[in-house]
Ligand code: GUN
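Given as structure tokens, the chain that follows is alone and in the form predicted on its own.
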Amino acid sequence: MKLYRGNIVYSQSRERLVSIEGGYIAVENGVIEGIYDRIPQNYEGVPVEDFGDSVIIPAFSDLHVHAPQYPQRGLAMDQLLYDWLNKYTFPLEAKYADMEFARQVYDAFLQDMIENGTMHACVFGTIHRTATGYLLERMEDTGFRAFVGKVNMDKASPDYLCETTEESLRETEAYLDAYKDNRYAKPMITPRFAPTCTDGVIRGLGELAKKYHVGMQTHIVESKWEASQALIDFPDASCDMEIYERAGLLDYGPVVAAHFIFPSDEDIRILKEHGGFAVQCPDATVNVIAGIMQNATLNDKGVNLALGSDIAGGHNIGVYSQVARAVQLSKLKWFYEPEGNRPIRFEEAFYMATKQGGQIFGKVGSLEPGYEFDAIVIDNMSDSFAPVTPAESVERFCYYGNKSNIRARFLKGKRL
């Protein structure tokens, strides 16, 4: 048992941000037992770590990030998506056949995630099983909750990054089988997106999902081109989501639809029916000009929402920066397309990045009793001449803070 004192801020719901000044968080075996305004009598003598006026908040969840693209972050951002992928991203991803290169990148990637307060993530690897497995092992050893996918690409891809259907399914099964018993970082089926996958690989992945009871992540209607090309490649489907539903890929675990910018009503119905998550990646959609997700509209329709850094389409690995950008883009969306849209409030975006996104991993993303104590402590957000409240400190951190403002990091109650 241990007590932590400080200003405490977390999402109770999409609309409500709880703020407690000078409170105590009681943590037992890595799980939050309760929050108190003073030390309870039965906890007298329990060690207390006092963070003074600093603010304790939940760690962030990144539901869409490409670990192999980490060396590319902040580069070639003047390119549009097609050229960005073919000139830079695909040649970079081919390098993960080299395990020495993969180890260096993935170690740095995981360290940077943690330093920026992200403790849970849904991660794309590459087609390379061994390299992707190394990242999964490192996350498992750290206790980092994650879903990590070996990517499937068996058509319409560069020759050096294109699998045969048989190879893609064989390597995916070997990957799923090797890590099926992981406790924290778990494998996830990851077709890159419909236009790079044959019907044979999609159907085969559906069989593997059933056999190993795993979920799926992919890019869904990220662009108008993708939405139309998917239906050209899979003419029996009425929408992008139905391609995966027919194959049984949405029935056995979490479902993560990255971007979800141009969904049809049927896409929305299917994602909602399977309890899937639509993931907004604000920086990335600005950088590659894909479009702005209708997060307010999707929320009002009952769709689960989360945020992703989408490194390296996005340039900032800190999910807190995506909280601010999500608010900004919602206002732009509403300003230029007022019908059916509305600006979102800071509370809504913070909820997406913490409690709602965290649901996919279990009891993480909040500081309520029963949640794992995955948290960060932020400071230096208030001015002596114009002090701000703890909640305002969190908002300011999301808009212009960085990892230097993170004073402490906790994962399952352990200080990192």
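The structure displayed is predicted, hence computed values, not measured ones. Residue numbers here begin at 1 and follow the sequence given.
The form predicted in complex with this ligand is left out here; the points below concern that form.
- For the chain shown alone, Ser54 is not a contact residue for this ligand in the model of the complex, no non-hydrogen atom being within 4.5 angstroms.
- This ligand is not shown here, and in the model of the complex it never comes within 4.5 Å of any heavy atom of Asp240.
- For the chain shown alone, Leu85 is a contact residue for this ligand in the model of the complex, at least one non-hydrogen atom being within 4.5 angstroms.
- With a 4.5 Å cutoff on heavy atoms, Phe193 counts as touching this ligand in the model of the complex.
- Here the chain stands by itself, but in the model of the complex one stretch of 241 to 249, 261 to 269, 214 to 222, 179 to 187, 214 to 222, has heavy atoms within 4.5 Å of this ligand.
- In summary, among the residues Ala230, Leu81, Leu110, Ile317, the only one with a non-hydrogen atom within 4.5 Å of this ligand in the model of the complex is Leu81.
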